[in-house]
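Consider the single chain below, provided in structure tokens and representing the form predicted alone.
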Amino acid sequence: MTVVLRCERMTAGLNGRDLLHDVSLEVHKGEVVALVGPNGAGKSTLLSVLAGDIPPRAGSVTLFDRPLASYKPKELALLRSVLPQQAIIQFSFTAREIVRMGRSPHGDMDDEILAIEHAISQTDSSHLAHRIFPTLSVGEQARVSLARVLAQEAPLLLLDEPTAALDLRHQQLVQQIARDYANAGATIVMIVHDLNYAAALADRIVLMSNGSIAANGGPSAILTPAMVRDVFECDVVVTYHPEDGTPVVLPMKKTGSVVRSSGD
């Protein structure tokens, strides 16, 4: 399998504080990898390091067998596209103009319009194209921002919680987009908080805890009651989807009385 991204013994952080410790990871061509873990586990920091936004303090990070730090910004923009957790844009750009920004690394190209319109259509955003971006709902902004990433046409997609603001139908749409892109040879690394969504989506799950990788493998190997309890500090029941056998994680019901405030 072709290795697209590789971290070896990588340590990194911000403001002099290490947030990732001794992380080693390989991501392969055509693979969908879900980063999961509790709040503060280091998922977004790892994605930023993989994007080239945060340099490692120790160890190495390579993209297509070349040191990530050796790429010029335009070179990097042609190889990887990044969806941040939240896009804060206050200017009066239309949704189509936001998507068009994804084409900037390519310069003037004959197929620019086709790529933009295809990305808008893929994310069910055609009816939003002429709307001013700040006037869109959070979920609509998320779809338009994803369309910008897709219009960039990079072989590596790094997505930070792309489904957090989406309804069920559009979560399924993102799942299908990710699978279609992976089947076409793209590589996708995605932060996911919903363990069941990660199980349905990913070829491989990377479970993070306290800035390190606690486990790395297929959904059935990672999402076990013992593993979830150790990392998330809560008890769960794991069953399996009746159609495809992927694990389904359910919280254990707590017994006991409910404490009500005096105002209830």
Partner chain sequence: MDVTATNQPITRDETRGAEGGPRVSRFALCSGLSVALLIAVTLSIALGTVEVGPRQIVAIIADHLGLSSNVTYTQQQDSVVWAIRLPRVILGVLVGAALAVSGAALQGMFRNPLADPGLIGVSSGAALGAVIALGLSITWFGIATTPLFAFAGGVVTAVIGYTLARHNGRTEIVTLVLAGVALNTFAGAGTSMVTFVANDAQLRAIIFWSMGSLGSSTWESVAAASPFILVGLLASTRWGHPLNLMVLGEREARHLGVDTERVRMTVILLTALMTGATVAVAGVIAFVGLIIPHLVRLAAGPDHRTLLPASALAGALLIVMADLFARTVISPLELPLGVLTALIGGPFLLIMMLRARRAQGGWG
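Numbering follows the first chain given and starts at 1. Just so it is clear, the model here is predicted, and its values are computed rather than measured.
Just so it is clear, the following notes concern the form predicted in complex with the partner chain, a form of the same protein that is not shown.
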Query raised in the report: Quick check: do 89, 98 and 132 each get a heavy atom within 4.5 Å of the partner chain in the predicted bound form?
Result: yes
**Report entry** Contact residue in the predicted bound form, from 184, 168, 138, 113 (heavy atom within 4.5 Å of the partner chain)
**Finding:** 138
Report task. Sort through 51, 223, 231, 32 and report the residue having a heavy atom within 4.5 Å of the partner chain in the predicted bound form. Result -> 51
Report summary line: The stretch from 43-51, 59-67, 212-220, 193-201 that lies within 4.5 Å of the partner chain in the predicted bound form, judged by heavy atoms, is 43-51
Query - Exercise: residue 122 in contact with the partner chain in the predicted bound form, heavy atom 4.5 Å - result: no
Query raised in the report: Is there a heavy atom of residue 82 no more than 4.5 Å from a heavy atom of the partner chain in the predicted bound form?
Result: yes
Query raised in the report: Does the partner chain come within 4.5 Å of any heavy atom of residue 155 in the predicted bound form?
Result: no
Requested in this report: Determine whether any heavy atom of residue 94 comes within 4.5 Å of a heavy atom of the partner chain in the predicted bound form, and answer yes or no.
Outcome: yes
**Report entry** Members of 9-46 lying within 4.5 angstroms of the partner chain, judged by heavy atom, in the predicted bound form
**Finding:** 15
